[in-house]
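Each of the two blocks below gives one form of the same protein chain as structure tokens; they are labelled structure 1 and structure 2.
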Structure 1
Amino acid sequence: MSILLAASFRVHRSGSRSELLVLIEPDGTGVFREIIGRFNNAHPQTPVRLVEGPPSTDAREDMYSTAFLAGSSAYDVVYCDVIWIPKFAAAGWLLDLTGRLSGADANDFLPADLEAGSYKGRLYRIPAFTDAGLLYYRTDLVQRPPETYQDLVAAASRFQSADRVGYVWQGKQYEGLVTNYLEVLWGHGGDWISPDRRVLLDSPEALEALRFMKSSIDTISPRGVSTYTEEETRNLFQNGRSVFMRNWLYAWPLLNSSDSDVKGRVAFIPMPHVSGGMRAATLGGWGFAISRLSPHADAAWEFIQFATGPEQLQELYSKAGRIPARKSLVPDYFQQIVKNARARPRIPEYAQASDILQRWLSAALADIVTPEDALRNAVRETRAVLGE
């Protein structure tokens, strides 16, 4: 069996290629290209080639998974979302990097981000950026930031107008929708999948959370939210067209940049809650791993050390707003939120569980099924996947 596998791994390997491929998000600011250019000048023998993929995490996870399943060594460096590691590690697709970090680095990287890169006690992913979900609001309109979802609805209704909506969020059928739902769900005191793999969506809290999201559409949120990802919402909010926005940390420096219409008129808080629930931010973030099929594992490790070094991360922060996953570099105003961010379930079946939830949340938001039926179906399908 192992001989067969090893043979099939070799099939797609392009024997003479000496460049390292990494698939990342669209490099809008060009900062990734600059950093990689610097690395390549110093490493002409094994230069890194950037492949800019689609913006959504789901689409890039599919691309990596498809390559791995085909036994292809197309990508050497794996630029991973926090949620990918259990699946990729359990499948044996990543090189075990345990013990490679220096003591200083091991102490400086944020513990939650290191944990998110680990599976069964082994480290597979070196953190680069950390992330957390926030509620942004306009300080020139909203005097008292909302505590509860009722407060959010009240303030959004009060300050929306003909050319300004109340609240924008990410409602498209993709991973972002799951993170938006989780924050509302946690704020209502519910949860999705417990650490011991029980599916918890058949609760009154889960139903209330979904009902809230659905009820926002056409009242405080435009119908279009069910097609929005991060950037559509940021553009609207940054152009002064919304009172509130749920988005990740990266939006903050951009909202305060010189070409932003809302510069100096924005603040953020963690998402609201109801009594019995707690304000919660989803932990997000990105880091680098090495494909177990890469013929250039040593060069890949050199690149990862370079890319996650303080200087490069600082540059990615100042030019693209990505928050370094190093304690020493997280800006003060994000320390608290980063420390309290909550992880999504760390299970190898994460992509499947998320896909099920995305599908049913989306069907409920689009009025194709009732929220009750959507959750009932999501619970049944998720239990089948998790073997409950």
Structure 2
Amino acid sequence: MSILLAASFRVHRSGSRSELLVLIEPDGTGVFREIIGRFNNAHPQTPVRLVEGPPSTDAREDMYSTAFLAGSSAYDVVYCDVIWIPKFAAAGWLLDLTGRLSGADANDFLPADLEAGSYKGRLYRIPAFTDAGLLYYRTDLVQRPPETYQDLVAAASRFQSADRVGYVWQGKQYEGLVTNYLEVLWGHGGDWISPDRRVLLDSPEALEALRFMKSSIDTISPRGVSTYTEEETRNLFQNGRSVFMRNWLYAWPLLNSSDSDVKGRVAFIPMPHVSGGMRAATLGGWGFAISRLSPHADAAWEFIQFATGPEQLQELYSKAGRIPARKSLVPDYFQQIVKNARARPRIPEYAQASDILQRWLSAALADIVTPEDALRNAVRETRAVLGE
């Protein structure tokens, strides 16, 4: 299915051999087109052509992977999610950018985002936007924001009503479920895969984290939460139909837009933790890399420098709500959140490991298996993939 989807979006270069192609998500605000238009006006010999792919991150990853596996130089500039770099770099698909970044830029980009663009000590991706998971809440209802998961359950139970649920999060079987689970897992003091590739889900902390997520369904969270992605949760919360919401930074300007039912009545905090644990946010974000097969690597680098420059990133924040991955541009109220964001396991087999965890978490949430069996199976299958 993914190969057919990739083929359906196949693009061909125009007669200009120096044209650069970049694949991104649908450009709903048009801001990417504006930025690329300015670059093209200044670089008519090496214009960039924007290819708008499907909204699904997984589908666009498949499109890039299919092109690379075919030995195609279809996409010169690779617009990368943070979790793609180990896989793409280990496969030899990306150009090593180590040494190209100026000292000033290296000092300005967020360290975690630069690290997320690196593999085995070499830099392959220049960060553009950062992201992190956090907990939004209604300030007109909740006077004291929760610190622990016990506090969250108590407040969500107290303020939910016939037309307002307590807590919404992303429970559909996709990458978002993994990020939600990781934040609960880290908040319980556990971890998924260690830097030395050990699978750590056979722990009391991992089990308690999954039990918490499962116990929230039909109590403080609606049954349908196991089918929700970011936008379903945002729409419910933004329409005043939830007390708490786990989501990403992008939701903040939307929740305070003129058409939001909760405008001026929302705040956010880092995700809760158990007593004695620590708050944690999953690191997200996007950046730009260069295909090793591109015949125009230097021109692609010029575009990346332009696109990740302060002026362009500030424009993307003001028009599309994307949080710049530069320390100097991160709004003050997000500084602490992004500072404490944690990366997902930086392994070439990440896609397989994530797919395994998604499947078994989803099975547990749907009562197909017990939480104990779900984690036991996830551990066994992940260890087989990693060769542990």
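Quick caveat: nothing in here was measured; it's all calculated off a predicted structure. All residue numbers here refer to structure 1's sequence, counted from 1. Here, rigid core means the biggest group of C-alpha atoms that superpose within 1.5 Å across both forms.
Only one is the form predicted together with ligand GLC; which?
-> Note: form predicted together with ligand GLC is structure 1; the other is not.
Hinge rotation, rigid parts compared between the two structures (°, from C-alpha fits) | The computed domain rotation is 10 degrees.
Between the two structures, C-alpha offset at Q45 (rigid core aligned, Å) = Comparing the two forms, Q45 shifts 4.0 Å at C-alpha.
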